[in-house]
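Only one chain is included here, represented as structure tokens and corresponding to the form predicted alone.
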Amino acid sequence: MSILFISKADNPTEWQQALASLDPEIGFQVWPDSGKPEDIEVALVWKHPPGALLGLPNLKLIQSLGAGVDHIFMDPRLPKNVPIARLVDAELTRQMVEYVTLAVLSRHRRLDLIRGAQLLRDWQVIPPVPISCSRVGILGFGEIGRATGNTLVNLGFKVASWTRTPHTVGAVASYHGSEGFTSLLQKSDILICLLPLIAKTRGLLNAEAFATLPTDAYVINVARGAHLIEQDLLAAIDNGHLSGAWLDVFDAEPLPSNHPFWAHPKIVVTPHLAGLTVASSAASQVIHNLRLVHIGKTPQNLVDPTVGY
């Protein structure tokens, strides 16, 4: 049995070594060389070219190299009836929690004003935003959302979450549906987007949503660029309703050099690095899923193709 690796963003050598350290018997092919196509049982992919997964008669699993799977569903020639799995990895989750916490604390402790004062050589004692005005709303409450919420609660923040359907999350207030979405926005001084990208979440961060947020609210997007209407965000910041934004994902990546986000004083831009898949950490999940599908069992972290995540 073999794995077909398709990704321009990840190092195939690192993945081959990580997988071989766990099971040296597993074959490893790097697209476009698929070796013997009939030997391929798992495709390990990130933004694969459309049609690249055709012609693999024994393909039993399409395994994403990341937590998101929207890139897989963009293929109009995706093989039918082949299970798709997300990557849920402790190291990836840790990085995401670390990154989001950094963004939340930066806004809360007013790092932008502190840095500005430093550049002016102006000795100012700038207090943090009051914790009562740093209420956090998290859109999407899966593995990463729950870990992020728990970390922020432990730091003393009041945290609420929103999902499309009802869920129970213990001490964190939870909202769902369209009415719940509005309620969450009204109570969020810091809004974090961790949603999967599907048709119903595309463009969800728009002018109407921003207007519903409290004055001086802050937006953090680490999900997908298509969740956010960029011109609406710029307008909400420039008219003074939002205090700023911290963005790791964009509609066009790499972000064009002439894009207004780059030079905007109230927007932090990072190049889609909030959570980077580490082969040595994530390989065990890939091996486990390969073994499951090889014997006809259901893989872990299976995606429901009818909803897209």
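All of these numbers come straight from a predicted model, not from anything done at the bench. The first residue of the sequence shown is number 1, and the count goes up from there.
Another form exists, predicted together with a small molecule; not displayed. Remarks below refer to it.
When the small molecule is considered in the predicted complex, only one residue from A67, V45, A245, A282 comes within 4.5 Å through any heavy atom, namely A67. Here is the short version: of P83, P214, P79, G142, the single residue with a heavy atom within 4.5 Å of the small molecule in the predicted complex is G142. Note that among 29 to 37, 248 to 256, 55 to 63, 261 to 269, the stretch whose heavy atoms approach the small molecule to within 4.5 Å in the predicted complex is 248 to 256. Interface residue remark: W162 is counted as part of the site for the small molecule in the predicted complex, having a heavy atom within 4.5 Å.
Among residues of the shown chain, H108 is not one whose heavy atoms approach the small molecule to within 4.5 Å in the predicted complex. Interface membership of L194, defined by any non-hydrogen atom within 4.5 Å of the small molecule in the predicted complex, is confirmed. With a 4.5 Å cutoff on heavy atoms, L234 does not count as touching the small molecule in the predicted complex; it lies far away. Taken together, R94, G149 and S174 are entirely out of contact with the small molecule in the predicted complex: none brings a heavy atom within 4.5 Å.
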